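Below sits a lone chain in structure tokens, taken as the form predicted alone.
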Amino acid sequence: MPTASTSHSTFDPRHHVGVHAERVSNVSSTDFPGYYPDEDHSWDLDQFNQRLKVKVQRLSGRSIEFDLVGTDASIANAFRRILIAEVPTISVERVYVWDNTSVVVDEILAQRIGLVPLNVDPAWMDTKETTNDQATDRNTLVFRLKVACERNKNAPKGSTDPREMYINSDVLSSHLEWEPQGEQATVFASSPPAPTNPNIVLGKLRPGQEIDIEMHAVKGVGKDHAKFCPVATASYRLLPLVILNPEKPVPPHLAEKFQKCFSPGVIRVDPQTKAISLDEQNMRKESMSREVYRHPEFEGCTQLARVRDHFLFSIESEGFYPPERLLPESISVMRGKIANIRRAAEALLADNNNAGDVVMADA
């Protein structure tokens, strides 16, 4: 049941970003986020645990929306960038075309195949150190695509639908067949590698045309190529905040006009008294269009802002990972980076002579 709030928040430059008619204010954080001059802000793990919250708002088979509260924008943005560029997945890297008489040229067909997401857990595969490393059953999956089009002798008379007139008129991702190598048949017995979506159209064929291709899939990350990106989108925005001015309430005869200046459900109007109130749960739906600033009669009645440490994440999974696993995977990658920096710092401290630089390998 939505809750209505008649309490009036006040703008706090430390916690809010001001949204004005033609600009935003208080956008910059401190040099050390959460720390201010002449004040004691010593690190306290218990206080951090109390402030940090993660709450799932919506979860489906392919997407998730959750709130990340109590951290700095640099941390939230780091998670977003890691999700896009550094969470590993499996995709087709090499395509060997034995025969292709379709209208789609080899290069375009290979690019389309590379973008097909595969339902393979990257944890079961090793990463090739270089592109020229020897392919083994631990770092490479082999797929085969062999499709030929022919006329359908049982097609309905007078039909003009190619799917009825021909057999294999469409080349789909479901035509990719996995060919186990070495011990892969045992390792992947419970979940054979295959495209996550079997209905992706790769090309079209007509009688007499044929495609025969061998593909090698490897482990990679999005910063190497977009085909390795595990998400379709990964974005966040700050929680919208509407602040009503108790010293200048909205006139009752303008209540409905004021309500229409915001997204549906954000402003509630009492049908009897025409009193204005805020729906705290629906405030997250506000688009911050600033429409209310266009009307001079509402000047001083309200102020728009965003909560500085409240991030509304929206992530769409496009690959092996279920959406609820993506954030833990990005956290795992970040922990690896932190451990790498820590090892390098400890090596510097241990090197009393400071003879040379410490080489920091990728985490």
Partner chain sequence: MANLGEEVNEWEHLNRTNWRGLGLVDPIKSVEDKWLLLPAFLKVKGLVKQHIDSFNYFVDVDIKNIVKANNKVTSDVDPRFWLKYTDINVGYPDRTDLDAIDKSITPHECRLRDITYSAPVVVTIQYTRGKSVVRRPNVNIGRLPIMLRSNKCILTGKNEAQLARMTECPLDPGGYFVVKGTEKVILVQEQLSKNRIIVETDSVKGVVQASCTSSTHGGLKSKTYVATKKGKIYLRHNSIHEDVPIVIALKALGIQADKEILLLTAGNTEAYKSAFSANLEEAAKLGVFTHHQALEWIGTRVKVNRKVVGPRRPAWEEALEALATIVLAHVPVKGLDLRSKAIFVATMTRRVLMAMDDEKMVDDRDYVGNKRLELAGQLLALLFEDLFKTFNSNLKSSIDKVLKKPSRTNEFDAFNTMQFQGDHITSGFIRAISTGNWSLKRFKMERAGVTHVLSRLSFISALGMMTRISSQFEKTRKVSGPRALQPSQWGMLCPSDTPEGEACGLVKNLALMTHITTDVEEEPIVRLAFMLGVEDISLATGTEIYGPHTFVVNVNGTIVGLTRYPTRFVSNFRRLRRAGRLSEFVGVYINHHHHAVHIASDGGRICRPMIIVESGRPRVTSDHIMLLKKGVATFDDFLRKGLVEYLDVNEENDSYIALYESDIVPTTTHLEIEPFTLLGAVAGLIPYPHHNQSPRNTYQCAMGKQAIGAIGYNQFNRIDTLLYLSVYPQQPMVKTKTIELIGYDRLPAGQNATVAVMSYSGYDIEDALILNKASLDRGYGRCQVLRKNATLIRKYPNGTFDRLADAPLDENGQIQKKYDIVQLDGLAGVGERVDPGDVYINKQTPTNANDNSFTGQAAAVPYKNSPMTYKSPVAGYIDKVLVSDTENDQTLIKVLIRQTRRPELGDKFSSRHGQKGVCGLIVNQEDMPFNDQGINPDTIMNPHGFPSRMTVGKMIELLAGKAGVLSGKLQYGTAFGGSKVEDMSRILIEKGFNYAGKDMLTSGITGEPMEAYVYFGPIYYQKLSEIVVAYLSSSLNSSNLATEHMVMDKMHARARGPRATLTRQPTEGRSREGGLRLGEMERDCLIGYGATQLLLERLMISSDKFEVNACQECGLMGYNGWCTYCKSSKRMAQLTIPYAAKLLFQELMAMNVIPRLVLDDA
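Keep in mind it's a predicted model, so treat the numbers as computed, not measured. Positions refer to the first chain, counted from 1.
From this point on, the text means the form predicted in complex with its partner chain, which you will not see here.
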Inset, instruction - Please check if residue 189 has a heavy atom lying within 4.5 Å of any heavy atom of its partner chain in the predicted bound form. - result: no
Legend entry - Contact of residue 138 with its partner chain in the predicted bound form (heavy atom, 4.5 Å): no
Legend entry - in the predicted bound form, residue 350 touching its partner chain (heavy atom, 4.5 Å): no
Inset, instruction - Look up in the predicted bound form whether residue 108 has a non-hydrogen atom within 4.5 angstroms of its partner chain, and give yes or no. - result: yes
Inset, instruction - Name the stretch, out of 168-176, 270-278, 75-83, 121-129, where some heavy atom lies within 4.5 Å of its partner chain in the predicted bound form. - result: 75-83
Inset, instruction - Sort through 210, 291, 214, 164 and report the residue having a heavy atom within 4.5 Å of its partner chain in the predicted bound form. - result: 291
Inset, instruction - Let me know the one among 257, 225, 94, 206 whose heavy atoms come within 4.5 Å of its partner chain in the predicted bound form, would you? - result: 225
Inset, instruction - Decide yes or no: are 10, 62 and 326 jointly within 4.5 Å of its partner chain in the predicted bound form, with each residue judged by its heavy atoms? - result: no
Legend entry - Heavy atom contacts to its partner chain in the predicted bound form at 4.5 Å, residues of 132-152 in sequence order: none
